[in-house]
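Given as structure tokens, the chain that follows is alone and in the form predicted alone.
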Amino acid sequence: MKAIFFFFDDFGSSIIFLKDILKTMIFRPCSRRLVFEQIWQVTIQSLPTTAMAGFFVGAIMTVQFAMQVSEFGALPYLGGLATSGTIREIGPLLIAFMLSGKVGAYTSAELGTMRVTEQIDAIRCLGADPIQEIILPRFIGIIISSFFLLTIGLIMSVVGGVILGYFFSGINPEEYVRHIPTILAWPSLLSGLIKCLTFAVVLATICTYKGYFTTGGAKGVGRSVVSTAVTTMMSIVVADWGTSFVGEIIINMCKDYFL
């Protein structure tokens, strides 16, 4: 019960912090150079991990679907089924978990160290706004980089599915790819991209919030990193439920409109 209370307390505080960030973004935008530096740093650090995670997520989904559809003689549709399940649900969720441990923990530790060593207080003493100078560039950079990385991870999941489909089930790569548009319609693809963007915003908000309000010295930095990982994963699960619910409504509306 106590853990649930702390989770909702962090959730509410993160929303208030997000409001301050958005207000600063509108009225006092930060330097583009700082944003590009954060985008480059996050992307270079996390691209290999994300690509590998996406590859194996697609490969695992292909193997699991192959064992099921082979019993019904629907093996030619393996590419569409595995890709649809990966892009709509499993892929964004698992890859976001990887990024929460890679990007989220690193950013929280970096900002937490700046807080406990009084670097943030020094910025304020110089007359600058810490949210404008150090939080906003990281917030925007993490969102853009995470969305890009999640998209790359989903593309790599298709590559992993193609390779495992060929070696595990003997499906020609051309046949695997040919049946993807049959099942994966553009509303499903849009749903997956919306999940990627939502998870990126959740990750950026929580890791900057946890790092910015770190207390307790070096031990406090460690607590912030652990809390960032746990809170981010729980929030991503909740966001996944919400986007899945909204996504189904959008898909049904699109079907009714076009049919």
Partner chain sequence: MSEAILSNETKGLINKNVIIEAKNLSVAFEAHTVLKNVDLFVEKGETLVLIGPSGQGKTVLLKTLAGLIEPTAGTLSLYHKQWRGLPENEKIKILDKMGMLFQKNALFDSLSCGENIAFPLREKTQKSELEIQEIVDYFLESVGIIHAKNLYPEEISGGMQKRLGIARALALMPELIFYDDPTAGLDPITSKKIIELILELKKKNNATVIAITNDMNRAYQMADRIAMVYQQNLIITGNVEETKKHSNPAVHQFIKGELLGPLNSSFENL
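For clarity, a rigid core is taken as the largest C-alpha set superposing within 1.5 Å between two forms. All values reported here derive from a predicted model rather than from experimental measurement. Numbering follows the first chain given and starts at 1.
A second form of this protein, the form predicted in complex with the partner chain, is not displayed here; the remarks below concern that form.
Think of it this way: in the model of the complex, the partner chain has a heavy atom of just one of Val177, Ala105, Leu93, Ile123 within 4.5 Å, and the residue is Ile123. Exactly one of the stretches 126-134, 178-186, 141-149, 158-166 approaches the partner chain in the model of the complex with heavy atoms within 4.5 Å, and it is 126-134. Residue contact check for Arg223: none of its heavy atoms lie within 4.5 Å of the partner chain in the model of the complex. The closest heavy atom approach of Asn172 to the partner chain in the model of the complex falls outside 4.5 Å.
Proximity of Lys219 to the partner chain in the model of the complex: non-hydrogen atoms within 4.5 Å are absent; the residue sits far from the partner. In the model of the complex, the partner chain stays beyond 4.5 Å of every heavy atom belonging to Arg32. Taking the partner chain as it sits in the model of the complex, the stretch 96-120 comes within 4.5 angstroms of it through a non-hydrogen atom at Thr117, Glu118, Gln119.
With the core held fixed between the shown form and the other one, Asp20 has its Cα displaced by under 2 Å.
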